[in-house]
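Have a look below at one chain only, the form predicted on its own, in structure tokens format.
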């Protein structure tokens, strides 16, 4: 996989050293436009692209990219997380049967009735996940 100057610069601007593995994973994550991916799927994509990397390295890299602001973690249930390349404010549909996650534009949803915040606290982000399933025929 070629060392993309764009991905190298993106990693450096985020304060991350552009190692071969990070650049290769950035290529897989960011070359397909906005997407939602879990660690296991990214690991499979890496293996298919001849990027030899352990699942532990995938998790570490996803966490580093998230901490650097390159990804947004969306926790679904328990220890199941997806990583979103779209870090803007938006919400999600989630279909458990196939593991598909889709964006909902924040402009299409209004949040009301939020509780009063504890003193000295501000809202960082509101996550909304609308679980969907196929309608019965």
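Positions refer to the first chain, counted from 1. The term rigid core refers to the most C-alpha atoms you can superpose between the two forms while keeping them within 1.5 Å. Because the structure is a prediction, the values reported are computed rather than measured.
FYI, the form predicted together with the DNA isn't displayed, but the following is about it.
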| item | value |
| --- | --- |
| The DNA contact at residue 80 in the predicted bound form, heavy atom, 4.5 Å | yes |
| Proximity of residue 60 to the DNA in the predicted bound form, heavy atoms at 4.5 Å | yes |
| Contact test in the predicted bound form: residue 101 vs the DNA, heavy atoms, 4.5 Å | no |
| 4.5 Å heavy atom contact, residue 54 to the DNA in the predicted bound form | yes |
| Selected contact from 46, 39, 29, 70, since only one has a non-hydrogen atom within 4.5 angstroms of the DNA in the predicted bound form | 39 |
| Residues in 6-20 with any heavy atom within 4.5 Å of the DNA in the predicted bound form | 12, 17, 18, 19, 20 |
| Displaced residue check between this form and the one not shown: residue 80, CA, 2 Å or over, core reference | yes |
